[in-house]
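Only one chain is shown below, in structure tokens, and it's the form predicted on its own.
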């Protein structure tokens, strides 16, 4: 199956929110300010009281949109994966060479190509994805959330990249495993480089992560 997206729209499962944030200026402000505040203080310290103070509104107003702060994190991560899907289409439209498509995809996953979109700070959002997104699924009730399609957007990105890998080598047996290894590895290496540098290798080449994971993926695909 081929996925296509001609105009960016965050197709997020309704189980995540009580009221669609994109339906009002207040809702979009919750997302924009939520991204900035989580990036600033971290998800553990973040709560709706602090967000309401930042926005100059009430906690009750925020609770009309999200049941709790974890649902807000789920929304933010889902929005990010929708944005990644949109970027994949932009970068790979009319590209026939599957190796180029794979490298373009890894680049999209590694480097935000814009600073803002619709008042969302994309660099702050990407930093949240690297440091906080695992908290959206490394939880006790992950199976219940998955049953309702909460992780649909992330799984769709994995499916798209898996298709590229199978187009390169149709007999490769581990496309999904390889894709999630690359995605989560990029997040970990970005986090390590900023906070635990002895756990990674940072070089002067600005595309070192792109080149590393592209070579890693290509070598794995070609071994089978």
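Note that the coordinates shown come from a computational prediction; the quantities given were computed from them, not determined experimentally. Numbering follows the first chain given and starts at 1.
Form predicted together with another copy of the chain: not shown, discussed below.
In the predicted bound form, at least one heavy atom of residue 198 sits within 4.5 Å of a heavy atom of another copy of the chain. When another copy of the chain is considered in the predicted bound form, residue 158 lines it closely, a heavy atom lying within 4.5 Å.
Contact check for residue 118: no non-hydrogen atom falls within 4.5 Å of another copy of the chain in the predicted bound form. Although the partner is absent here, residue 98 sits far enough away that none of its heavy atoms falls within 4.5 Å of another copy of the chain in the predicted bound form. The partner is not drawn, yet in the predicted bound form one stretch among 118-126, 146-154, 79-87, 102-110 has residues with heavy atoms inside 4.5 Å of another copy of the chain: 146-154. The contact residue chosen from 178, 62, 31, 164 relative to another copy of the chain in the predicted bound form is 178, the criterion being a non-hydrogen atom within 4.5 angstroms. Interface residues of 136-152, taken as those with a heavy atom within 4.5 Å of another copy of the chain in the predicted bound form (partner not displayed): 137, 138, 139, 140, 142, 143, 146, 151, in sequence order.
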